[in-house]
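For reference, the chain that follows is the form predicted on its own, supplied as structure tokens.
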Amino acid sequence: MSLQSGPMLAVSGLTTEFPLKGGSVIRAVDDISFTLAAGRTLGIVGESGSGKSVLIRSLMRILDAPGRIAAGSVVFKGRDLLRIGEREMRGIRGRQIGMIFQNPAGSLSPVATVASQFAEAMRAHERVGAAAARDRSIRALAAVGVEDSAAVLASRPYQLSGGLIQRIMIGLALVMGPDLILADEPTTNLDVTVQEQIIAALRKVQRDFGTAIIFISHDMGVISEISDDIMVMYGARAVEYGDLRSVVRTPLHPYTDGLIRSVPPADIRPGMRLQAIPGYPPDLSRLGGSCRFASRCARVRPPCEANDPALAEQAPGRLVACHFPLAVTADV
């Protein structure tokens, strides 16, 4: 994929592996490339197991053992994060790149006050007094729409709702003024109203501070609410990439089309059946040479069973990994 000139983040050929007993490996992220400019949101969507979370953990170099980055580059503001020392990387995590984890309650100490956890996050990067830490914490919480910040700071996470805890996590990711926020399924397990509030809070952060965001989800509806650009992942690979409007209006990959059709319509009625993608995602330990979506695709042809297509540009700014893209080749 061609890279834009001067993006904040340029990822090229990123490959992450998990060795197995016996010498084989699972490629959980397989040759991923994309760019991200300041102030924009890239939505990464795909079913569970597609490699989304491993991808952003690879960007932050916080993989669980025995995971390892086998190839590629992650150039952030001119520095390749895969080639700097761990000490320098620790200075980037939190300060320049903030992260919202998938399980917000599990990411906070249940017994420490919210104020102490904000102060700890700040003191990991700089010397800051109690009054300054409190002031910055209040401003960070206010930026994500938390009312009565003083009471929230005095509380412990177990005393707070899931939606409020998620706002706190966004505030923690924001408190050091990062240029980039990585959001790993931040609306999972929240009801629709709270989801909308979280998305609105992230939009406000981006509008006020020009923060770039990578937002991952299995829900195409949520991704469509917040993204400027979309990357669809399937079987550890990117299968489609483009701007939000183009991808949603004219999906090129059958998997993308299936994700869009599975979103409940606004006028859903009792008894209405949603379209589902048949079958199951591929077992990454048992991949052959065929297209990874072939067993679930209604458009499968002999070339699909012979080789796995590479991501290639089919229209300006639109990339797809498919031998027979929907909007390019008619059914025969």
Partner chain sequence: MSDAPLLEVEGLAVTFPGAAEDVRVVDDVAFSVRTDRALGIVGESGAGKSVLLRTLTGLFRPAAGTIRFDSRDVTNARGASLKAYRRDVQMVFQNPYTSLPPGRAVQNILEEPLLIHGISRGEWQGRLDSALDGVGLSRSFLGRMPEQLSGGQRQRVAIARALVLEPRLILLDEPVSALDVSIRAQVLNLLTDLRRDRGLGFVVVSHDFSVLRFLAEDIAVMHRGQFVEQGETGAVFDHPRHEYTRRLLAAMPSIERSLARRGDIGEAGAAEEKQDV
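Just so it is clear, the model here is predicted, and its values are computed rather than measured. Residue numbers count along the first chain shown, from 1.
What comes next is about the form predicted together with its partner chain, which does not appear here.
The stretch that touches its partner chain in the predicted bound form, counting heavy atoms within 4.5 Å, is 280 to 288, out of 27 to 35, 299 to 307, 62 to 70, 280 to 288. Its partner chain is not drawn, but in the predicted bound form it has a heavy atom within 4.5 Å of R207.
Contact annotation for G221: at least one heavy atom lies within 4.5 Å of its partner chain in the predicted bound form. Remark: D184 does not count among the residues lining its partner chain in the predicted bound form, judged by a heavy atom distance of 4.5 Å or less. Taking the partner from the other structure, its partner chain in the predicted bound form has no heavy atom within 4.5 Å of any heavy atom of S161. Note on contacts: among E86, D135, D191, E126, the single residue with a heavy atom within 4.5 Å of its partner chain in the predicted bound form is D191.
Residues in 51 to 85 all lack a heavy atom within 4.5 Å of its partner chain in the predicted bound form.
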